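A lone chain, given as structure tokens: the form predicted alone.
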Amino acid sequence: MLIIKHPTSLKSILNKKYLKGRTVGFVPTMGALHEGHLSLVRASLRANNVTVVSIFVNPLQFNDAADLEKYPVTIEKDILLLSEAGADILFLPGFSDVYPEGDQAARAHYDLKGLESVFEGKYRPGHFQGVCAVVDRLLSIVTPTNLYLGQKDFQQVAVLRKMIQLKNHKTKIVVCPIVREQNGLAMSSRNARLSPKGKEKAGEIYQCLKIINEKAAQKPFEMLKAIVINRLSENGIKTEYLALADTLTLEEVHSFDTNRHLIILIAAFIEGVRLIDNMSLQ
């Protein structure tokens, strides 16, 4: 596995004659890698000639400075995991490599047509502008054929689809399924901040999503929502939002509708750690 730190070096390698006409898969990450990330890497390896993984902790997408400070950095472990997985290139840029004009990047604005004002965007103002800024820059550097993203960050996928359309990037988004712990907890770098007991209790989030999904034909959503929020509270989990939304538009709806493709979205806190998850209605 090649480890490259500078955009010009990466572009030079990707533009070499032996790569022309071949497909490039790209997995952008902020490090602290886990099986969820590695599943994206493996999906790229299966479908592309070259797989590039980036590790860059993007300060622009943190609306809470304390959250940025607590973000785990495990670079040596990450390098080992990627090497064992078979990634071709690890891109490790610095802030000035991604944002050569410095803090001017924070002033860029992407017209996301309301996608950034609901759910995650409502509770993390500025987050999706920061996500768009970094992925826009990384796509300009890597110019991948395929971009691999996880279903866990469902709203982020919708936002990045819009950004790619706005900026006319020639890349296709490939969405991979959520990878879960044995108790159903969606894998996340944030899980490392939970105690063993907290991690065990956090599995209730997935169980509650299953309850809503399985009982959708029997009880109204608002009734199930109240039951689930109470159950989570009894397990020390505070719900920030629990909502039903249209999978295409992210419009929030308040009742089940078999004529629409709907998804359950949740954000919750346990032991001070904010977790998100989702489940498409079957």
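We number the residues from 1 along the sequence you see. The model shown is predicted, which means the values in this text are computed figures rather than measured ones.
Not pictured, yet referred to below: the form predicted in complex with adenosine monophosphate (AMP).
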Heavy atoms, 4.5 Å, adenosine monophosphate (AMP) in the model of the complex: which of 200 to 208, 74 to 82, 118 to 126, 153 to 161 makes the cut? Say which one. 153 to 161
How about L90: is it within 4.5 Å of adenosine monophosphate (AMP) in the model of the complex, going by heavy atoms? no
Quick one: is L40 in contact with adenosine monophosphate (AMP) in the model of the complex, heavy atoms, 4.5 Å cut-off? yes
In the model of the complex, is there a heavy atom of adenosine monophosphate (AMP) that lies within 4.5 Å of any heavy atom of G86, even though the partner is absent here? no
So in the model of the complex, is adenosine monophosphate (AMP) close enough to L139 to count as touching (4.5 Å, heavy atoms)? no
Heavy atom within 4.5 Å of adenosine monophosphate (AMP) in the model of the complex - residue from I212, V98, I178, L112: I178
